[in-house]
Each structure stands twice: as structure tokens, then as C-alpha cells.
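Take a look at this single chain, the form predicted alone, given in C-alpha cells.
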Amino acid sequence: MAVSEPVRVRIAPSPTGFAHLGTASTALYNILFARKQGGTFVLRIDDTDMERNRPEYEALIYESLRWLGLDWDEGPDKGGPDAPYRQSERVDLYREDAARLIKEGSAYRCYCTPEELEAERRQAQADKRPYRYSRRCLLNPPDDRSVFAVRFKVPGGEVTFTDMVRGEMRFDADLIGDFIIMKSDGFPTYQFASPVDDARMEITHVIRGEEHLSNTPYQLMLVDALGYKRPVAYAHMPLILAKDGAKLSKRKHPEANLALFREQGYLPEALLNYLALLGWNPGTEQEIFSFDQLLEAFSFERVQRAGARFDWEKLNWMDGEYIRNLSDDELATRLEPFLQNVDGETIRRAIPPLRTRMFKLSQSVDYLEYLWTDPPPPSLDAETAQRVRAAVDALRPTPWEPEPIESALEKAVETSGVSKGKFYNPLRDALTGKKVSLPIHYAFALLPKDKALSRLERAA
């Protein structure tokens, strides 16, 4: 859609748990749109849930987004013209706007107890009708109570807005009951704080997950009642779904945890590439995109409406492609945090066989653990032990590099009269303690010669 004013977009994650994959996905789409339009990306922290907020969770949001290279222009840690950027520090603004709505007759105090509201819901259920608040505190408020929440007086009618993914949207506000905007503890609900902040921070385009689509009419009625300018447009992006088709859940699905991908050694640029394709189709066969290429290709016209299933297999393939395209120096640098027991020179020598076998960096630990962990010797029968001794004899005079080792072992295999697999498997077991390893000549060459031969001799 045409954009005629300076673009300002935002994300507003809650620091109530680990950083969510959906937060990264939403941030990416916001940044792609903002950067393409020369606009501003704002990070706002929705921390009004005082019981569940934790400063360490807020720190995880910053850390995870920066690991992905998704930096922001304004935010709690950077400041900006609309500071503060934590909602807990903006409560006076919400109270001010709530008081104005009450004064103008667009909101009212609700003194109902949880028990009274539950009785209303049960009655609606018994009458087989959708529940809407009865407006009892608007029509006949009690005069003997002091604890209250603030409800918005829904004006009814139709709420319409433009969605850059779904087109023109229409909601019947007559089906919406008066809803709470300020809780009895003095803190705002999400439905109130979010649109107030968007308006005061002059957010032009609200790009967020599909789960917020139904919230939009509530929020637009509030914006209109307060006399604020509406956002130019909304874009409700498709949900990321788990393999079972359910919405990705922090409690049920490990892939929801953004930190997991860093811990397991997925490359941030590969994860970004994959996230971009979850719900967006470039319209071509291209699947590998640099950030600049995404910036050039992305548009909301090609965003799908249906949810996109997270596919580990596809991500693993993509991350493997990125790993294979790294230079030796860059790959060595990225492997170092995972291989702290291995010196830099050995890591460099391990790169050729590792590069073609890894789809994530943490797999290097499985392949190279034998370098710092002495495996128990395998139990061998006499015939196998004899072949192991033959390997020792063949390797003892051999220069300790992959090619000469490979040549010496192949001659030993030929002399033994057995298959390569039958000859190499006990060597691999004695050397690494694993059934799967790097190619045998690399596995030997990476270990000091005396240590490698010692393990074979001990096994034999």
C-alpha cells in the first residue's frame, strides 16, 4: 500500500518468560517494512503484569534480538523522543486517559465483584446466549463500595480498518460488551495500554501476529473515543504453528524458545532466512536470502493468511547450507564457543570434514568429544584385536596427516582380506568410543599420534 508519511513501527513483547520465536518473527517483518520505507523501529516492553515480569526476561529479549541482528532505533535501553518505553513507567498516562474517558462519558467505574460477574456468565450460559456485561454499574452503581475497575462504554456500530494482509476488515461492535480498560489494581489492560501507546508514539503501521486480529476493533474504538489518530494500517501476520498444527506454545513446544537455537548452534542469519519464509512467499524458487535480498524482495502482498508449520527438517537443511558457505576462518570463529576444550589450530584442521556433516554448530561437540574425553576400550575378539595391531603397525611410521593415514590404512585393509567397514569399525570404536565419527583418517589426524596409537594398543 502507498505510504505517504514517515513510517514508525513497533513490537511490544512481555518479559514474562523466555524470548519467543514469534517475537523474532514479528520483529523481522517490522524491520523489513521500516527499513524499506526509511522508517523507525521501536521496541516497547509490555511489563504491566507485575506478578510475572522479571528483569532477566527483559534482558533475554534484548540479547536474543541482537543475536539475530534485529536492532531497534528507540527503546528502554536506548531512549528516544517518546520515552519511557516500558509500560510500567507509563501508568500515569493510562490513568490520565482513563479519567478523560470517564469524564466524557465513554467509560465508567465498575464495582462488580468476581463472584457477581461469574454469576452473570453462568446465567448467560443457561440462557444459551453470548455473554456481555449487563452495564449494571453504568445504570445503577452501588454506593457502598470503593474498589473498582474502569470499563469502556462500547458505542456499537461497525468498526472497519485496512489490513495489509487481509484487506478491508469489518467487525460488528454491537456484539462486543463493555470491557475493562483499567484493572482494580490501577494497571491498564493490554487492550488499553497498547492502543494508547501506539497513538502517543505515533505508530503508523501495527504489524503483529494473527492472534491480535480480534483485538483490533476494541483498540480502534478506544483510539476513536480518545480522539487520537488511527494507525495508517494494520498487518496481522500468520501464526507459527507446531508440527501438530497447534499454535506454538512456550509450555508445549521447545522450538518456541528463541534461546534454544543459539544454544544449539544455529546461525542467526539462517534462522532469520527461515523465519522470513514462514508465512511469506517470494514468488520465485529462491530459498536462500541475505538480509539485503529479503529487504529488496519482501512485500505484504505475498504474505499468506494461513498459519505456517515450523519444520525442523527445512531449518536444518537451510542452516547446513549457510554453514557450508562460511569461510574457514569464519566457521572456526563460530565453532570456538562450542569447542572450548580444543585449541584453535585443531579446530581449523577439523573444518573440512565437519563442514559437510553439520547442520548446526553444536554437532561439532559430538564429533570431536573424543579429543578431550578418553573413551573406554572396546572388548575385542582375538581376530579383531589382531587387525587392530596390524593398523598400529601400519600407522606407526606414517606421517600424521589425513592423506598419508588414509593411504596406510587402505593398504592394511587390503592385506587383511576383510571389508573396510569390518576393519575400520573397531578402530573407530577404540579411537572415539562412538559408532559414528568423522572419516577415519581425519579422526586419527586430529588426535596426537602417540595418544591415538596408545588407544589402539590398549584395545588390542
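Residue numbers run from 1 along the displayed sequence. Quick caveat, the model's predicted, so the values are computed rather than measured.
The form predicted together with glutamic acid exists for this protein as well; it is not shown, and the discussion that follows is about that form.
Trainee: With a 4.5 Å heavy atom cut-off, would you call A12 a contact of glutamic acid in the model of the complex?
Mentor: Contact check for A12: yes, within 4.5 Å of glutamic acid in the model of the complex.
Trainee: In the model of the complex, does R208 have a heavy atom within 4.5 Å of glutamic acid?
Mentor: Close contact exists here: in the model of the complex, R208 approaches glutamic acid to within 4.5 Å, heavy atoms only.
Trainee: So in the model of the complex, is glutamic acid close enough to Y266 to count as touching (4.5 Å, heavy atoms)?
Mentor: No, Y266 sits far enough from glutamic acid in the model of the complex that none of its heavy atoms falls within 4.5 Å.
Trainee: Please tell me whether any heavy atom belonging to D46 falls inside 4.5 Å of a heavy atom of glutamic acid, as the geometry stands in the model of the complex.
Mentor: Because a heavy atom of D46 falls inside 4.5 Å of glutamic acid in the model of the complex, the answer is yes.
Trainee: Glutamic acid isn't shown here, but in the model of the complex, which of 140-148, 111-119, 254-262, 208-216 has heavy atoms within 4.5 Å of it?
Mentor: Looking at the partner contacts, the answer comes out as 208-216.
Trainee: Considering non-hydrogen atoms and a 4.5 Å limit, which listed residue (F289, Y85, Y370, Y190) is close to glutamic acid in the model of the complex?
Mentor: Among F289, Y85, Y370, Y190, a heavy atom within 4.5 Å of glutamic acid in the model of the complex occurs only for Y190.
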